[in-house]
Ligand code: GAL
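There is one chain below, alone, in structure tokens, taken in the form predicted on its own.
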Amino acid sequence: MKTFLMTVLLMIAPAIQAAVHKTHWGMVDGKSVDLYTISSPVLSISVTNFGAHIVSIEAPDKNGVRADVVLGFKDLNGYQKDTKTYMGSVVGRYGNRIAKGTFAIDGNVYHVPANDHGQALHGGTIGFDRKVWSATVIPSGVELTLISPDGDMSFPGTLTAHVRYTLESSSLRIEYTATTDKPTVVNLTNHSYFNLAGKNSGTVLDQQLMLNADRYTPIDAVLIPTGELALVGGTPFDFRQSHPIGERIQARDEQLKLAGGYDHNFVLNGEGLRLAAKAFDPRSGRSLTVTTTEPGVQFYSGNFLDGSVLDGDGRPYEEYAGFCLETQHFPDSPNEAKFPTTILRPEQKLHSITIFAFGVQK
């Protein structure tokens, strides 16, 4: 009966506008931080304008029981204290890594502060995940806006970024736009960690994953792409058919050894808004389908979670407690001419869409 009712809700919910509730969450640098809870008949999603974090996603299992399926913290203090995981945040100005934090545009060389073994990760030492964004409630969601000034983390140009979170039935749509007044590089993505069994329910190693990618970008010892677009066939990186995340994670493979598991960019097949990934948890029956306009997705299996970061109830986030599917342009694209460009010029407008659709399977 519960499964039948859930199916009915999924059928009728697109006509119902999601409700948005705003709660004051605290202050950062004299700026108000709020929590926005967006609710449909199927899902409830909370986001905050501090770092544009997704704080929670409550989704039903095969029996209609809801659980929070993203890792995170229960209050603002938890997000302020966490400088390691980027849980749920929008990372930028350049998500993922830039080799030695150095790149050039039109002959001008720029140096972003290195914060990850000599590389720049997720925008440098103070990225978009540490900023208070302005927020506006919109139909079925919230739009967050951040103005990053010229020279912010040494990136050129004043960048105006907008992130829209909207909810329709069982689908969370994230829409990114950005403009600049000087040539710059930009790569925006969301860094949520998913555990479809529910956070703090153990590892995700038994959860299944499919990636719509024939190729991936191998990495070197400091996790920077080598420039190769390698075929996944015959390797532990072949997720063209669904496999448990942990099935081959301990395989004798140099790439897995370098990252301690999966932390690699996959080159998505096709163009436009298309399938990127599907994930499924056999225990709960929850599923996740990811579609995107981005050329790649970074699959990260939570290798660097080590128990040192605690949730709001004092429970540690251990290794493999969640997985990330970061839809994006490729890491270190500013230094790889054959990768899709991440240069944004004043006459251009960045526009990107990613949709996380939740469901259930028996």
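Quick note: we count residues from 1 along the sequence shown, nothing fancier. Predicted model only: the values in this text are computed from it and were never measured.
The same protein also exists as the form predicted together with this ligand; that form is not shown, yet it is the one meant from here on.
Q: Just one stretch in 311-319, 22-30, 295-303, 48-56 has heavy atoms within 4.5 Å of this ligand in the predicted bound form, so which one is it?
A: Going by heavy atoms within 4.5 Å, the stretch is 295-303.
Q: Exactly one of Tyr193, Tyr79, Phe128, Phe266 has a non-hydrogen atom within 4.5 Å of this ligand in the predicted bound form; which residue is it?
A: The residue from Tyr193, Tyr79, Phe128, Phe266 that makes the contact is Tyr193.
Q: Pick from Ile245, Met153, Leu121, Leu71: which has a non-hydrogen atom within 4.5 Å of this ligand in the predicted bound form?
A: If I apply the 4.5 Å criterion carefully, the residue I get is Leu121.
Q: Look up in the predicted bound form whether Thr85 has a non-hydrogen atom within 4.5 angstroms of this ligand, and give yes or no.
A: Taking the distances in the predicted bound form, the answer for Thr85 is yes, it comes within 4.5 Å of this ligand.
Q: Does at least one non-hydrogen atom of Leu223 fall within 4.5 angstroms of this ligand in the predicted bound form?
A: Taking the distances in the predicted bound form, the answer for Leu223 is yes, it comes within 4.5 Å of this ligand.
Q: Even though this ligand is not shown here, does Arg97 get within 4.5 Å of it in the predicted bound form, heavy atoms only?
A: It does: once this ligand is placed as it appears in the predicted bound form, Arg97 has a heavy atom within 4.5 Å of it.
Q: Give a yes or no for Glu326: in the predicted bound form, does one of its heavy atoms lie within 4.5 Å of a heavy atom belonging to this ligand?
A: Residue-level check for Glu326: yes, a contact with this ligand.
Q: So which residues in 25-45, when you check this ligand in the predicted bound form, have a heavy atom no farther than 4.5 Å from it?
A: Heavy-atom contacts to this ligand in the predicted bound form: nothing from 25-45.
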